[in-house]
Structure formats: structure tokens, C-alpha cells
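Take a look at this single chain in C-alpha cells; it is the form predicted on its own.
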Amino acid sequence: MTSSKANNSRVSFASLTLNNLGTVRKLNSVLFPIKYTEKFYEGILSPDVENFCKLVYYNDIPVGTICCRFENKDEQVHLYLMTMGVLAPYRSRGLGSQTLQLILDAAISHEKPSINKIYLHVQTSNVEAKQFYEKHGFKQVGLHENYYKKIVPHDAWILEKTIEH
């Protein structure tokens, strides 16, 4: 397991590989109300996003994931935070904040390409998640109506943060 230790020695992060992809699938099935496609899982294994797709461990137990992808918008490179979640029993221990900070730090130091913004969607019923991201400097920039097809409510807030280099 390639891991990088966070400030809290109980928390570590591992890059995604074919060997731990089953763990990511299982965590996603528990954490998120939608089923992800094979294309999603192929994309998160890309070497290009290794610093932006991680498994989160607490005391060597896999308890969360974060997965991002690059998007080109208006001749700028944005990082789209596709998924981030921590299992309920492990929340309120700073794992989400440490995980998000790991990605933000990687975005700041990433040079080719240089990342201008990171953005994500949050289901409008998930006020707790919206507040979490706002606490970390994200701002609501829009509402995407009917973003979710198979879950209710269908709408999502769009949150973004400018990356300061």
C-alpha cells in the first residue's frame, strides 16, 4: 500500500489500484445513493489523477474515499470533486477535513496543468455537506436543477473554490 500519513498518525491515504478498487466500490455502495459506472472506476485509476483519488484509512481500516477528475472549462483547468465520503462511525474525527486538505494541497502544487478551481455538486437535501465545504472556503455559485436523475431531491448546489497558487 502506498500511503502518505496525515497530521493525525491514525489517518493515512492510499493511491487507488486494481488491488484496492474492490474496497472503493464497496465504500461507494455504502456512502452514496447512486451506482457508479465502469467508466467511473476506470477513470479513477488513471495515473493522471493519482494525487486526486485516494482511499482514506483510519487505524489501517478503509473508511472513506475521495475521487476527482480534470475538466477543461473556458481555457482553464478545473478539478471536479466527483465523490468524497467517510463512513458514518468515523465522522467528526477530522478525516473529511484532512482528506479535502490533501486534495487542495495537491491542486495548489500541481503545475502541468495548473489547476484554477475545484468544484463539486451537493444534493440540496445535504445541508451538512454544503456547510462542510463552505467551512473550507467553497462558495455556492449556482443550482443545477434535475442534476440527479434517480434520487430525490433531483437538484444540486454547485460549490467552487478558486485555487490560489
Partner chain sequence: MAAKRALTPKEANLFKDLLTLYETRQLKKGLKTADQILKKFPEHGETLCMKGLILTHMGQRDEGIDLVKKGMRLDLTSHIVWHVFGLIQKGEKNYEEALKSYTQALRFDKDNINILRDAAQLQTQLRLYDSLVETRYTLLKLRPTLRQHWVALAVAYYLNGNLDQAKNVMEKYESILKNIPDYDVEHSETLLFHVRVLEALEEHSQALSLLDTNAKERAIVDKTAIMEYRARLLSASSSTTGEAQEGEGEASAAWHTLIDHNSENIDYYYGYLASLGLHPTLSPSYDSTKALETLQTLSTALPRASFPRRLALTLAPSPSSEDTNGTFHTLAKPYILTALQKGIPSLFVDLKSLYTDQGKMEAIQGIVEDVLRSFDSEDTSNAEIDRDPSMYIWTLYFLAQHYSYLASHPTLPQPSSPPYIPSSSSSSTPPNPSPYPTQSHSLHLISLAISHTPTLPDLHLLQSKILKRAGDPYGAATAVNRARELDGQDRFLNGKTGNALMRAGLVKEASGAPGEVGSGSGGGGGQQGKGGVLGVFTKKDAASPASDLEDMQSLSYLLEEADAQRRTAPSNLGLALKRYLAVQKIFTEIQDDQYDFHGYCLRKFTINVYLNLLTWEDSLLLHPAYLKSAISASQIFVYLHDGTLFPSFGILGGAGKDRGGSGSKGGKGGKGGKGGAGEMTDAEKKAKKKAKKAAAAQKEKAKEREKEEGKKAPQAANEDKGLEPPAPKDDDPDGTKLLVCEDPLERAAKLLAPVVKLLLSKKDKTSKGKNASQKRMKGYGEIEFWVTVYDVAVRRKKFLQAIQALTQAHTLDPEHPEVHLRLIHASKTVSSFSSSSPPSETITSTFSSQLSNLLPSTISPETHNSQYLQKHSKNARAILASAKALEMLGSSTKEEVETVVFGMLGSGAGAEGVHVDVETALEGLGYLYSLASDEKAEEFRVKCDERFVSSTVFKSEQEQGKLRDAVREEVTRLPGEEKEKGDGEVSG
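Owing to the predicted nature of the structure, the values given are computational and were not obtained by experimental measurement. Numbering follows the first chain given and starts at 1.
Keep in mind that the form predicted together with its partner chain is not shown, yet the notes after this line are about it.
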item	value
Whether 19, 26 and 58 all lie within 4.5 angstroms of its partner chain in the model of the complex by heavy atom	yes
In the model of the complex, residue 77 touching its partner chain (heavy atom, 4.5 Å)	no
Exercise: residue 13 in contact with its partner chain in the model of the complex, heavy atom 4.5 Å	no
Partner contact for residue 38 in the model of the complex: its partner chain, 4.5 angstroms, heavy atom	yes
Touches its partner chain in the model of the complex: residue 110 (any heavy atom, 4.5 Å)	no
Location of its partner chain contact in the model of the complex, chosen stretch of 135 to 143, 62 to 70, 44 to 52, 97 to 105 [non-hydrogen atom, 4.5 Å]	62 to 70
Its partner chain in the model of the complex - contacting residues of 73 to 105, heavy atom within 4.5 Å	80, 82, 87, 89, 90, 93
